[in-house]
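One chain follows as structure tokens, the form predicted alone.
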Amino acid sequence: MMNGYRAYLPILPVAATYALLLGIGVVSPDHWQLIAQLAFYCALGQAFNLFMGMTGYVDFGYVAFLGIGTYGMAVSIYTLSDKGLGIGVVLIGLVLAAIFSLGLSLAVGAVALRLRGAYFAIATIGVNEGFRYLLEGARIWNGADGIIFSRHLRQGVGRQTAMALSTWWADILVFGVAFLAAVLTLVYMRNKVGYALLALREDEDAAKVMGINVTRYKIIAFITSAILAGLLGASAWALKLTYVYPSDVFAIHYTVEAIIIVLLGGAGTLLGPIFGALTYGAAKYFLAIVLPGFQLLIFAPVIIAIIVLFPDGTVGLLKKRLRDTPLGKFII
């Protein structure tokens, strides 16, 4: 029992970090937008790491799952706000976001997960833009005109509740998605799913020879990561902003940011995406204030330097240093 309990001790630093961020935001409302942005990057990194970090596969079309998740929330509120469901439209929106991202991940994974390495990356590059142009060209869900549902949200739940949902509860949901992603990552790490994913990340051919069904475990990680992305899109974008435009929600830079965050902190680690998100998010925010217009020029070489100096990520280095210390059991 004690060994089983100790196996999940690494979730404590994660919970403490999110509690600290939330506490700072509550005590200092002026910094709430910064805290919300950091929470978004934490959730994005944790969700993306669950697949890339544990398999070594880089999904360049990952933002498509965030985008389809925003439509799950938008469609629910836009079409069901006059049905007397109240706050139920938001719950249905979260369910639809999960279902939509699940469906898209199954469609993409059925083809792309048959490929490896660079071939997988190339195959996923076109997923995002292709799906976006499909929505616009076929005018699915209003096409390029998008869905604006702020009035529908107020109609469905009332003005005060709608305001609370888009200013407070949307961010709380983002924290929830971030923590859920961390919990699922740790659970996978501590059971046969994680061991199988580690084996295929190190040597996929050897894993097959050992009898591991690598396709099955890749699909598990891919679908889980996609659903988390869909929930994040529904919370951080749709519910918070109350509109959805394809050109905005399918912007590929979200995928690039997810890759940077995971590499900064350490791919395949539990705390890595959090450290990477806090580093990236805070630096991006303050550089934009101190050096507006030059933040990317300064930030790009800094990121490259960190990745070159710490190829296993900052948490990967910390994990090695603390391996035989009392703190080691908290860092994975």
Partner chain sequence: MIFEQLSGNLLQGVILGGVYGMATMGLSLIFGVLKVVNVGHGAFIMVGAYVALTLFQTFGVAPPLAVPAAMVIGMALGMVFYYSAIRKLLKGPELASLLATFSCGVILEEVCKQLFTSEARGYNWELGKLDLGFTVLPHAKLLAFGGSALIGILLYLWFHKTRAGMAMRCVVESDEGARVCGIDVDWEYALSFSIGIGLTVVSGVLLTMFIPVGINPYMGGSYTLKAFVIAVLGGLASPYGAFFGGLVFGLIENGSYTLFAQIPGLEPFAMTRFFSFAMLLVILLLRPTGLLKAK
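Residue numbers count along the first chain shown, from 1. Keep in mind it's a predicted model, so treat the numbers as computed, not measured. Note that the rigid core is defined as the largest set of C-alphas that superpose within 1.5 Å between two forms.
The form predicted in complex with its partner chain exists for this protein as well; it is not shown, and the discussion that follows is about that form.
For the three residues 15, 23 and 91, a heavy atom within 4.5 Å of its partner chain turns up in the model of the complex in no case. Proximity to its partner chain in the model of the complex, taken as heavy atoms within 4.5 Å, picks out 50 to 58 from the listed stretches 270 to 278, 50 to 58, 27 to 35, 66 to 74. The contact with its partner chain in the model of the complex, taken as any heavy atom within 4.5 Å, belongs to 252 out of 172, 106, 252, 85. Within 4.5 Å of some heavy atom of its partner chain in the model of the complex lies at least one heavy atom of residue 307. Although the partner is absent here, residue 125 lies within 4.5 Å of its partner chain in the model of the complex, judged by heavy atoms. Its partner chain is not drawn, but in the model of the complex it has a heavy atom within 4.5 Å of residue 115. The closest non-hydrogen atom of residue 133 lies within 4.5 Å of its partner chain in the model of the complex. Annotation for 247 to 272: interface residues with its partner chain in the model of the complex are 252, 256, 259, 263 [heavy atom within 4.5 Å]. Here residue 309 counts as shifted, since its C-alpha moves by at least 2 Å between this form and the one not shown after the core is aligned. Here's the thing about residue 34 and residue 307: their CA atoms end up at least 3 Å farther apart in the model of the complex than they are in this form.
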